[in-house]
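Here you get one chain, nothing else, as structure tokens; it is the form predicted on its own.
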């Protein structure tokens, strides 16, 4: 199939996304960014982690949501239920949990003055209670946040009343992703990257694979490159505000010697990119060798045969973002499997470093004002879809 035969195929399928240039102001305007914070991140369901981060009753972790000017405490109660709260004591606003993660024996105590809360958020002890005659325990528990769990992934919604349930929000993608078997995996590694870049610029580089043969020539390109032909996604699908892209396996793929050695002991990123998996009629239907799902506004699930990984991209300022990367693999039981996993970890890390360097270069140039618009082509329609979704939220249309 030639580039001519495939040009315009996604634009023809989704004409509502348009083809025109995109204003650079969306990436550089602080006023627009403030609108995004309110219209997107204080209204939509946001993934904040996975229940494997709090597997036992009393386990908790904290997520810093600077985009919403808050810190979120996620805790598994004695009853096994995952709940979320603003990490804020009712006394004077100090954080109740000061550590990024931990375990409690059913109670969390504020270190500032010793007020105590149980894992349902109830205030159960007020230090020097006699000197707080107006404080009613039943009115001063932790401030709850709407919380739900889907396929092990924990989501919150910061609105007083969400516009729709988590299940309804995920309906466009739930049946598709839900076919993937997420059981049996454990957290294997994580990265946290602080970048000087607008959150959409960072995400957009993950919403198209067209750059792989160019930017990642020495790394991922060998797993997708087809000699003599322009790169083309095997699939791009839009599902409501969400979407997915599939990366095609190459005509032939020979992993580098170290990857071949690692593959003898366990599944790794490089070799998983190079083959298309077939899970049968009832299993997950891969669009390519690697499927990358985007759950609006800022969560990604990368599905490969034998492993998966996630991205959370958190805005901090109009020109600063946090990129969290987590890999989930089968548990290791011997040195060979650990070697395969560690090699796979590096195989993912190196392309991310190439991305980060490029993101910041782009962000710096966009701020120059030299160009008023940027352009997206057909293979970048999922990139355009993100910007359109954000802009619809800002204008009150989504």
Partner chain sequence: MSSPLPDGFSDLEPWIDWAQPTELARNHKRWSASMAQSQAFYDVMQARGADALAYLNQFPLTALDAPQRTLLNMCLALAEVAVTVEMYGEPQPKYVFPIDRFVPVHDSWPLGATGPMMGGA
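Residue numbers count along the first chain shown, from 1. Keep in mind it's a predicted model, so treat the numbers as computed, not measured.
Not on display, but discussed next: the form predicted in complex with its partner chain.
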TODO: Name the single residue among 79, 167, 175, 194 that comes within 4.5 Å of its partner chain in the predicted bound form, judging by heavy atoms.
DONE: 194
- [ ] Go through 282-290, 153-161, 101-109, 114-122 and give me the stretch that gets within 4.5 Å of its partner chain in the predicted bound form, heavy atoms only.
- [x] 101-109
Task: Non-hydrogen atom within 4.5 Å of its partner chain in the predicted bound form for each of 59, 189 and 346 - done: yes
Open item on the list: With a cut-off of 4.5 Å between heavy atoms, is residue 325 one of the residues that contacts its partner chain in the predicted bound form?
Closed with: yes
Task: 4.5 Å heavy atom contact, residue 218 and its partner chain in the predicted bound form - done: yes
- [ ] Give a yes or no for residue 335: in the predicted bound form, does one of its heavy atoms lie within 4.5 Å of a heavy atom belonging to its partner chain?
- [x] yes
Open item on the list: in the predicted bound form, is there a heavy atom of its partner chain that lies within 4.5 Å of any heavy atom of residue 350, even though the partner is absent here?
Closed with: yes
Task: Members of 143-168 lying within 4.5 angstroms of its partner chain, judged by heavy atom, in the predicted bound form - done: none
